[in-house]
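Quick setup: one chain, the form predicted on its own, written in structure tokens, and binding and motion questions come after.
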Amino acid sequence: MQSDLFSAWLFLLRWIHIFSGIIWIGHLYFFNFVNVPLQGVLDKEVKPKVNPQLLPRALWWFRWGAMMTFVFGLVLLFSKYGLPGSEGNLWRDADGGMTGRAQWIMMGSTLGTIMWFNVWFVIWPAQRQIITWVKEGQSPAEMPALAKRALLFSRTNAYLSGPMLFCMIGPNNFGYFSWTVFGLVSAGAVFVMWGMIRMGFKVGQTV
């Protein structure tokens, strides 16, 4: 019974973690693939009407999706590998080192943590200030620099998301880990993301 309950607990944690991640990364891609190209063609008179209605809603789901993904990911990590009777042996291979599975998990967790930090401590504070200025009809001199900072870190998260997703999927499908493989995977994922960001400025302009 205890084993069944523990398995159900892990399943619940994994479901919430993945569902929250879909909300988070989905909005990350919305901002990078859809919203940034859209903002570039909106008239200045339209932005004060559209953005105060659109962005607060999208940013709410974006930042809380990131928080839920981060928190439940940590709980899942501890529950699966840190509790007595858990799969803690996966952290040590026959030679006493960290297993390939564990290395993929740790790399994915590290990238995800960096992305979560960027959302809550760079992107969201910058966007909150910008939205406040727009609602108040203000356009201070520091506004373009703040918008550029938010975009830079949003782009960074978009590029990091490719390697991060591979690292999260990797443990169940690709147990071998090396820095060469990780480098190749990261380079390929970043290249794909670069191509999709560029496509965002070209696609969807005709039905």
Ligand code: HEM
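We number the residues from 1 along the sequence you see. Model, not experiment: these values are computed from the prediction.
The form predicted in complex with the named molecule exists for this protein as well; it is not shown, and the discussion that follows is about that form.
Trainee: Each of 64, 126 and 132 within 4.5 Å of the named molecule in the model of the complex, by any heavy atom, yes or no?
Mentor: No, the candidate spot makes no contact with the named molecule.
Trainee: Spot the stretch among 64-72, 31-39, 149-157, 178-186 with residues whose non-hydrogen atoms come within 4.5 Å of the named molecule in the model of the complex.
Mentor: Heavy-atom contact with the partner occurs in 64-72.
Trainee: Can you check whether residue 164 is within 4.5 Å of the named molecule in the model of the complex, heavy atom basis?
Mentor: The answer is yes: residue 164 has a heavy atom within 4.5 Å of the named molecule.
Trainee: With a cut-off of 4.5 Å between heavy atoms, is residue 190 one of the residues that contacts the named molecule in the model of the complex?
Mentor: No.
Trainee: Taking heavy atoms only, is residue 99 within 4.5 angstroms of the named molecule in the model of the complex?
Mentor: Residue-level check for residue 99: no, no contact with the named molecule.
Trainee: Within 4.5 Å, heavy atoms only: does residue 196 come near the named molecule in the model of the complex?
Mentor: Although the named molecule is absent here, residue 196 would stay clear of it in the model of the complex, with no heavy atoms inside 4.5 Å.
Trainee: Counting only heavy atoms, which residues in 159-197 are within 4.5 Å of the named molecule in the model of the complex?
Mentor: Those in contact are 164, 165, 168, 169, 171, 172.
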